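Below you will find one chain, with nothing else, as structure tokens; this is the form predicted alone, and questions on how it binds or moves follow later.
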């Protein structure tokens, strides 16, 4: 199983040391609508969880998504 940060690195092409919870689509050039949906799908598959559409649409930062993963995976 991959970690949250490994998935961020792979899909958004960000180095581990640059990953911070406050990063949003404004900070990550590869965070477009398609890559965001691929990211969400990879999180769901990797952690065996499902997000609601509201959760997906309202998440603004990596930290928002990390909290959702931690909440669902626990």
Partner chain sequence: MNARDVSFEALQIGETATFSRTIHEKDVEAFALLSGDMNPLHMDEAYAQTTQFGQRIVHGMFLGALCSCLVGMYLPGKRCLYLSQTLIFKKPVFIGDTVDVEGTLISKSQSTKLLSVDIVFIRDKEVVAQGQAQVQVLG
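Quick caveat: nothing in here was measured; it's all calculated off a predicted structure. Numbering follows the first chain given and starts at 1.
Same protein, other form: the form predicted together with the partner chain, not shown, and the subject of what follows.
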| query | finding |
| --- | --- |
| Residue 56 within 4.5 Å of the partner chain in the predicted complex, heavy atoms | yes |
| Distance check, residue 12 to the partner chain in the predicted complex, heavy atom within 4.5 Å | no |
| Any non-hydrogen atom of residue 44 within 4.5 angstroms of the partner chain in the predicted complex | yes |
| Contact of residue 40 with the partner chain in the predicted complex (heavy atom, 4.5 Å) | yes |
| Residues in 1 to 29 with any heavy atom within 4.5 Å of the partner chain in the predicted complex | none |
